[in-house]
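What follows is a single chain, given as structure tokens, in the form predicted on its own.
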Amino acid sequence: MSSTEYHVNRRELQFVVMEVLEAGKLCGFEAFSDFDEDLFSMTINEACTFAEQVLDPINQSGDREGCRVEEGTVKTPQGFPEAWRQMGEGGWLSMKMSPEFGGMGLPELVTVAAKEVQLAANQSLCIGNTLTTGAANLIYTFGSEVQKQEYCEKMFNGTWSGTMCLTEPHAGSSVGDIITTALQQPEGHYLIKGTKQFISAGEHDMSENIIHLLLARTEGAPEGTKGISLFIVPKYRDDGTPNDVTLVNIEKKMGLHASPTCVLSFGENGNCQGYLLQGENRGMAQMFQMMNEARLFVGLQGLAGAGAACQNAVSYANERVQGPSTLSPGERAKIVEHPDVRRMLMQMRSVTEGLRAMMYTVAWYTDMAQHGPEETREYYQDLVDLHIPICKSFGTDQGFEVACTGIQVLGGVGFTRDFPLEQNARDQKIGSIYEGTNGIQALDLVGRKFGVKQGALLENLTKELNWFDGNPPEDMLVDWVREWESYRHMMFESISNLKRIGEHSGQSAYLLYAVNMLQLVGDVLCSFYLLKQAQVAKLKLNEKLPEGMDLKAYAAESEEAGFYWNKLNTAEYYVWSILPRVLSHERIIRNASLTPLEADLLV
């Protein structure tokens, strides 16, 4: 490992994907019948190698060089166009996409593992990867056969890239307020006119064409979100002529310097052609069908940043010497010996592995919802829908905190550009803002997901959290699960309290502490998934433990046993030292102070 470079913990990924979630069993479904467990492992390993050898080496240099505008286009940092080409040729843009147009057709679970390590190595570049996949998926799902034939294969292989053009300068997160127009022409296309802001990878030199998926209003459309339609708007038309899409400027940002965030003008000269996807006034419904994927991958950015921060901090703590050693008298101590440093490292590791356990499980839920037995698909889709705002919000909040804690481990040098953690923190901060702010995610959780389908999502979560009823813990896990159970009950009590507050004091009061509710649920769920992992690890240790040998002693002398032993440590720490954060959120919700709604905040 290194405190300045990124190296993947391949053993960790294999444990979660293959041993806990048993990805090999997905091959029993028709969609994945051509695969096997070895191919899944090989894919993840190749993704790790690509991240380490291609993406990480240009991460810091890309941040320093940044993007620049030359003659109306964006020049990305040195090495980025070549890395993008390799990303497309390697199939990393189309891992889960249909083989019909050159995709790999892999499960979501394997895709998420590969995406994590690549995001961890270079978030700026891989954001364009995710956006291209999302845009291509919209065309594949809702486009005509002609549109799919024209766009999908070239987007799957990276010849063309894609964006999502939603936000407008005056509207922000209020998509229903957009004013970009689309006027239908006799030839069948529409003329697009308007300005879009904060468009990631909206203009660059990495691909031959950029395909914008854009929301606009047609003539006579209803007001609000019901009157929004979705259009394909290429930078260049199929005959190679420019399509009247103009770069206004690129934003000067806190982080992600190598990712061009653009303001784009469509139709300045009245000649920007857009091609309708499926039908008018369906844009928001189409976008919502793709929203789960987009928000899961933003949450994954938080996990990826946390994973990289953990590795850098642990490496530095084992390199840096400071003060006398208490373990080896007469020698200088590595700072990993100091109790407070060990606490910070354990906090970072437990939170990171908790996020990974939750997000990879949600990816597995997605595979079950889309490809599993018909009779269970709705159940798993409910679990996906409930988890998505938590993955996005809790993942990005906690990922940023892990990076900040990593800076603290390094001390003064962590605040300098000599080490990657300061860039990590800067790059991560946007995750809590875009793709729906984390406050909006909390509103979605309590205002929509808790009540939709007469509360079916919560009912199915209750069933899922009863897992230990059929898989009773043993030994030290008995106490840990019992402790977690008390917080699980507290979570459902808090949900009931929140509903009572709303009934008594109105909708604004119900939503006031939605963020606290989401944070509370996030901790309970991450703890649950870590305990399931601990159960698997304990069973593996039981199988391997030599007769008459102490478990801790065995872990000290066997690398494999040590790995499983650390899984127990991670779950134990989360239960006893992180999960108590729930108590403060529970108390805040129960107190139900309406002061923010009543105070004069205009001065």
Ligand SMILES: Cc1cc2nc3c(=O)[nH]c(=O)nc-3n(C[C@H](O)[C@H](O)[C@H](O)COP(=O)(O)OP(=O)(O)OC[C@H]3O[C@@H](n4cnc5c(N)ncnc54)[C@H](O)[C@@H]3O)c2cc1C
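Start at 1 and count along the sequence shown; that's the residue number. Computed from a prediction, not measured in an experiment: that's the story for all the values here.
The same protein also exists as the form predicted together with the ligand; that form is not shown, yet it is the one meant from here on.
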property	result
Among the candidates 292, 273, 218, 261, the residue which, in the model of the complex, approaches the ligand to within 4.5 Å (heavy atoms)	261
Residue among 448, 253, 85, 371 with a heavy atom within 4.5 Å of the ligand in the model of the complex	253
4.5 Å heavy atom contact, residue 437 to the ligand in the model of the complex	yes
is_contact(residue 101, the ligand) in the model of the complex, heavy atom dist at most 4.5 Å	no
Interface membership of residue 125, the ligand in the model of the complex, 4.5 Å heavy atom rule	no
Distance check, residue 433 to the ligand in the model of the complex, heavy atom within 4.5 Å	yes
Stretch in contact in the model of the complex with the ligand, which is absent here, among 146-154, 193-201, 478-486, 526-534 (heavy atoms within 4.5 Å)	193-201
Triplet 161, 211 and 214 all within 4.5 Å of the ligand in the model of the complex via a heavy atom	no
Residues in 115-134 close to the ligand in the model of the complex, defined by a heavy atom within 4.5 Å, in order	131
